[in-house]
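The form predicted on its own is given below as one chain in structure tokens.
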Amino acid sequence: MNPRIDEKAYTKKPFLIERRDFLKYLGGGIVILFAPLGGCHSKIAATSLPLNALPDDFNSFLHISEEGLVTCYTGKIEMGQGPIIALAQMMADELDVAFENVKMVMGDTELCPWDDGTWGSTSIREFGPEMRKAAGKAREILLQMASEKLKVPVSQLQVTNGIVTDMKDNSRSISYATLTKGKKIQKSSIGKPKVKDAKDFKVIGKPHHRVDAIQKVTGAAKYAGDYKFPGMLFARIVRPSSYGAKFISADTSEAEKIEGIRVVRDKDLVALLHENRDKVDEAIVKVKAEFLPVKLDVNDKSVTEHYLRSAKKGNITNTKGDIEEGRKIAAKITESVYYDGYVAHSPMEPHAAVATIEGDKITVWASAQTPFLVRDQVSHELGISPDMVRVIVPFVGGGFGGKGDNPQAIIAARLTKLTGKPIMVTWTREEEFFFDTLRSAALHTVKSGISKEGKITFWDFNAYYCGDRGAETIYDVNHQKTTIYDQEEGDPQVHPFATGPWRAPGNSNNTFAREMQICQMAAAAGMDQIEFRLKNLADERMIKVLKAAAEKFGYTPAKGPSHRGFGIALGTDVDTYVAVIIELRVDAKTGHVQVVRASCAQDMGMCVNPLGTLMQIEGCITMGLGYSLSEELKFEGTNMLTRNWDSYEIPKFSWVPDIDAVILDRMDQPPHGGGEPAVICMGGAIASGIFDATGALLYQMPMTPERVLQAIKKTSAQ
């Protein structure tokens, strides 16, 4: 059986609740509130605590009903990564209740504690431990209540599936349901409640299937764009033809000839509304709009030089030893430049939101990773109190970092306020490509040297415009320096489009450059790729991860290029250590690359749901095929030329290799991230696999057939 999904959180009619009605809503039961850093900040959490919180304040609360069901409230959302299961497992284990008796309410600003958003693998590694503490405190309180009822000391009690039993007399027991029946007891705690040791886990660490799978594959699952309300109007927004262009005017006269079309103008917002989506789509193309474009002399071919011209003083994030001293003792020096273009999030579900108004209260159903941020943005935009805005996030059909900013929700709320009608704003696929933030393009210059014995003597790593995530050297080098060049406040515009987080932001760029440099150095040293890495690694966690991946893969050493097509990459993300080894084939006539199999090993600390982690690894590897081999955005200045999947190729089912994984047993450690690490390695692994198969070096992603053929031709000519 599976934990229940609370349908009340996703009702068609807005379900509004005030603080004074909270206990009435819950009915009989016990409410456990836990505020580790200064208060619970949901509207309904407690009248004596502040509504807003700093981003690093974590709060968790739960409810145990008269029937023994446990409701877990979290501001995190479910976009495919699986906290709907893992958090339920953690709650069930700490409370000693059945897994199937836990129901989740997620991403509802009216019902859930404040949260800064679902990103950076924080659902399990940051919110999860705080939730466990809350559940641990709840269990302590319930045991004390049972002790009073059964008149035995707490030390004499045990709990199984929500039933508290006297260990000396099994006939004497009482359930959580009985303890909470008819009671409205509110207790709070600030401190460090005891949580279970790994040896006592019964649910954590066990594989569990997705509870939302049937809903999603049958189409029963509801996303923001699926909600319908009486009198609802669909909106299309007058958009500029290039990014950042300033609105001048819009002639909507032809569009208004379509019966039922309504035009709303508010400052620079011009929207067409109609009860029929087809009609509003028909009308939007009839609008004649004028914008003043932003001129930027850059395109997808010249962006490398543009970055170098734009770079100001870099930020040295790591330095050790003396680079020049390392140069002097190097027997061989490798200097390389790596480039990776802009990449779209390209989620299956485009940005969508529907807003309603009842009195002065705005409710927004949004496809968003940050429900509380959306609430605050709507509050600010409309000039109303956050108390008067409720944001509900149903299932999200993929985000990957792109649904942290949610302008569609703000626009829907504005239009609802202006018209008094329910308003649906859903982006077209073209709008998704054009107005969603992009993963930044990146440029790396890397200089490094090796001794005659194959030891790295120096490492000089420079990353442009992708940040420092994953830029760590990770190898044991006495003389090293890492410099990060990013756009500083006040600098002239560098990016032609808005950029933002993309699954493990910047790490795939940095890992590609680092691991391809290592691949070249191993070849220059005349060594096998894994042997070279082991010779230059000192971190035991990384060594164990690499060895685990090699064992799973069945790897045997050989000097590259070995013509086997074996590729390797290592990295770290959110304190998870990861290694990926692949086997690929290269068609020398077409340049087509087919990854045949992949093995991944992860040291991610406590693994709550091994099956969920395997799914995330498979998803990361599959997604990594896209940015590595095909996903490329074409643009001229601030005009995006790539606007749909007909010209932006994402991985197909036929691309997916056989995938296996090793999750190192670290159940006694804190949990780290599982939803992002494997994706960072795919570029480096594929590039090194192409080198191993053909001897060709690829310095640019995506490694399209044309670029592969060019690299093979260049290698043959040498």
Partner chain sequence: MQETISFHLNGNETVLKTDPSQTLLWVLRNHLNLTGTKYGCGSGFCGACTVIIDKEAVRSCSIPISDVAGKNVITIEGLAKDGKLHPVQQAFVDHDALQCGYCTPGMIMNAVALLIKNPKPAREQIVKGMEDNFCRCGAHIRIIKAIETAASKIEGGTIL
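Positions refer to the first chain, counted from 1. All figures in this text were calculated on a predicted structure; none of them were measured in a lab.
Just so you know, the form predicted in complex with the partner chain exists too; it's not on screen, but the next bit is about it.
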Item to check | 4.5 Å heavy atom contact, Ala221 and the partner chain in the model of the complex | outcome: yes
Checklist entry - Applying a 4.5 Å heavy atom distance criterion, does Tyr73 contact the partner chain in the model of the complex? => result no
Checklist entry - Arg429: heavy atom within 4.5 Å of the partner chain in the model of the complex? => result yes
Next on the checklist: Is Phe234 part of the interface with the partner chain in the model of the complex - any heavy atom within 4.5 Å?
Outcome noted: yes
Checklist entry - Just one of Asp197, Glu453, Glu489, Asp646 has a heavy atom within 4.5 angstroms of the partner chain in the model of the complex, so which one? => result Asp646
Checklist entry - Only one of Leu273, Val593, Met623, Val303 has a non-hydrogen atom within 4.5 angstroms of the partner chain in the model of the complex; which is it? => result Met623
Next on the checklist: Please pick out the stretch from 304-312, 453-461, 376-384, 608-616 that is in contact with the partner chain in the model of the complex, where contact means heavy atoms within 4.5 Å.
Outcome noted: 608-616
Checklist entry - Can all three of Ala538, Val545 and Gly673 be found with a heavy atom no more than 4.5 Å from the partner chain in the model of the complex? => result no
Next on the checklist: Where, within 197-223, is there a heavy atom within 4.5 Å of the partner chain in the model of the complex? Residue list please.
Outcome noted: His209, Arg210, Asp212, Ala213, Ile214, Lys216, Val217, Thr218, Gly219, Ala221, Tyr223
